[in-house]
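Alright, here's a single protein chain in two forms, structure 1 and structure 2, each given by itself as structure tokens.
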Structure 1
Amino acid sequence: MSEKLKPAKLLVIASKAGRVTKRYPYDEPLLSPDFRGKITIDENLCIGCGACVNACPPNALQLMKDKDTVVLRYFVGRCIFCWRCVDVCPVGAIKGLREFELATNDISDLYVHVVHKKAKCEKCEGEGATQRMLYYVVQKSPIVEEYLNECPDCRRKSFIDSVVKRRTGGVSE
């Protein structure tokens, strides 16, 4: 076949094959059923426990603490879309989406912040868990209400004191 007839042959082949690409963004993109996109965090469900932070391999999720708040920060730019955070979230606050269009001109669009109030210890004014996490613990195990508003150190001390009191019959040394 001569070089001049090659384009005509290509046109014949293309007309037989038909359209092989999608008219993106006008048509639905081809995504496999296993495709994983970015995650979304429901601020009303999140308790700020940090389980997702411990499960995140690239540290896209971070727990930042300051004086009165605990902030769960999600940076989409570091996320590898493994969805391990979705699997470990105890309250189902993190959902995986099939969204893949993540390009932006402003890097702040890639951050999500969920702010929680810290609970204060009644005995020492120290820091403990978030208020939502305490409410979650009470819902799951109402027996802990007695020590609910104490930090882990004060809770441990109260527990040891009660064990000593029980063993000595209420008489302390």
Structure 2
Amino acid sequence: MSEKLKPAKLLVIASKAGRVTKRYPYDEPLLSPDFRGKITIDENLCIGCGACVNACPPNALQLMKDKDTVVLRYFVGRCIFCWRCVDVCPVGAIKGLREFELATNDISDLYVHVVHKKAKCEKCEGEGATQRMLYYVVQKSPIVEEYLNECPDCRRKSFIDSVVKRRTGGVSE
């Protein structure tokens, strides 16, 4: 190899070897079929239960609770693409994509918000689960409880009241 090659010889070798460089931004990327990219949340299926939030290792998925909304926020910039959320989602609302071209000049491009409405308590108009989650529970168990429209605090209160009534021998309605 120490001898110096002449340009003509070099050209012959180069033409035999061919060209290895991929013309990537104008061409197809080299993706394997099991590559994991960013996720997408289907807003027509999501019930806002927060199972994905518990499973997410870097807290890229977060639930933010407001007075009458629950917002599921997905920050792509922190996601490690482990797809645990895809595995744990009870309704299959989260799907994994093979998308990796996420470069941006504005960090607000990397946020996805899913806004849920909160179910209102009949008694105190307090906090509760999302409306979608109540529908999901009713669908899963056909017995409709009478306290379904109440918030957890009111349920606890009414349960204690009924127990006290039973203890003291009162007639529960």
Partner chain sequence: MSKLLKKSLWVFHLNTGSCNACDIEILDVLTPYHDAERFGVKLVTSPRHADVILLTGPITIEALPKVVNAIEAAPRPRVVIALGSCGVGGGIWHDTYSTIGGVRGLQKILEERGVVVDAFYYVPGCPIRPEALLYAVAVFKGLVPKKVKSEIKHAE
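Please note that residue numbering is based on structure 1, beginning with 1 at the start of its sequence. Everything quoted here is computed from the prediction, not taken from an experiment. Between two forms, the rigid core is the largest collection of C-alphas that superpose within 1.5 Å.
- The chain appears twice here, and it is structure 2 that represents the form predicted in complex with its partner chain.
- When two forms of a protein are overlaid on their rigid core, residues whose CA moves 2 Å or more are considered shifted, and Glu43 is not one of them between structure 1 and structure 2.
- In this overlay on the rigid core, Asp66 has a C-alpha that sits less than 2 Å away from its partner position between structure 1 and structure 2.
- On core superposition, Ile160 has its C-alpha offset by 4.9 angstrom between structure 1 and structure 2.
- Superposed on the rigid core, the forms differ at Gly18: its CA is offset by 3.1 Å between structure 1 and structure 2.
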